[in-house]
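Quick heads-up: it's one chain on its own, the form predicted on its own, in structure tokens.
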């Protein structure tokens, strides 16, 4: 498995060739020398104490400026400024590395993850130390791709990841285990406001793959996979809806989510939507 594409950039506006292609074929693009520097006043946030006690992340919405998950005692203005700066840096980064996507990306949440991953008590479904592809129970994406950019701002320790098999192989393994999508169920979930929009057959399958992967202990142990140590200061990115990934340990990371229409890809046939439509022989956005 060649899961990593390492690049030597040191600036958030520096270019590198063929990055959109590397991302679309399922690689994790790693920039070990691209650092998101925290000035001295922001280093006080390198503590779980900035969390509100209920959330595992501090989140920022670029569209509204709203901050969530922060402790009432935290300096909310300074946290907001830090996350806004990260959003701006990662936006510039993707514009430089993937000019094909310019004007087509939509921002999702910006998040700061100050809690240690290893040893965190949670349900199997929410356990991100298990290999999974991203899918959201309450937010159907209707085929939109998910690009996530991460930075390890821990000055002393790596962030450990596992990266799994190609998405098509994952889909072939788990599609037979997923129950048929129910239009009535999708309608009820939306009417009851459990989902923000109606869940399409595509969203049903993606959520089914996410859950089936996490629930299968044998698959987690025995499937093709590699371990990656993300060094302190490094930045990395991938399409998390098609790259099976698991965060095994680490503390203090920043993350920015972007959404990309399938049609904006260099090769839409590599998207989970088109792969699942080919494997099932059905249109999945009905």
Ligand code: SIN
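Owing to the predicted nature of the structure, the values given are computational and were not obtained by experimental measurement. Positions refer to the first chain, counted from 1.
Just so it is clear, the following notes concern the form predicted in complex with succinic acid, a form of the same protein that is not shown.
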**Message:** in the model of the complex, does residue 161 come within 4.5 Å of succinic acid, counting heavy atoms only?
**Reply:** yes
**Prompt:** Might residue 116 be said to contact succinic acid in the model of the complex, defining contact as any heavy atom within 4.5 Å?
**Reply:** no
**Residue contact check: residue 245 to succinic acid in the model of the complex, 4.5 Å heavy atom** = yes
**Asked** Using heavy atoms and a 4.5 Å limit, would one call residue 134 a contact residue for succinic acid in the model of the complex?
**Response** yes
**Fill in**
Of 197-205, 102-110, 72-80, 125-133, the segment with heavy atoms within 4.5 Å of succinic acid in the model of the complex is residues 125-133
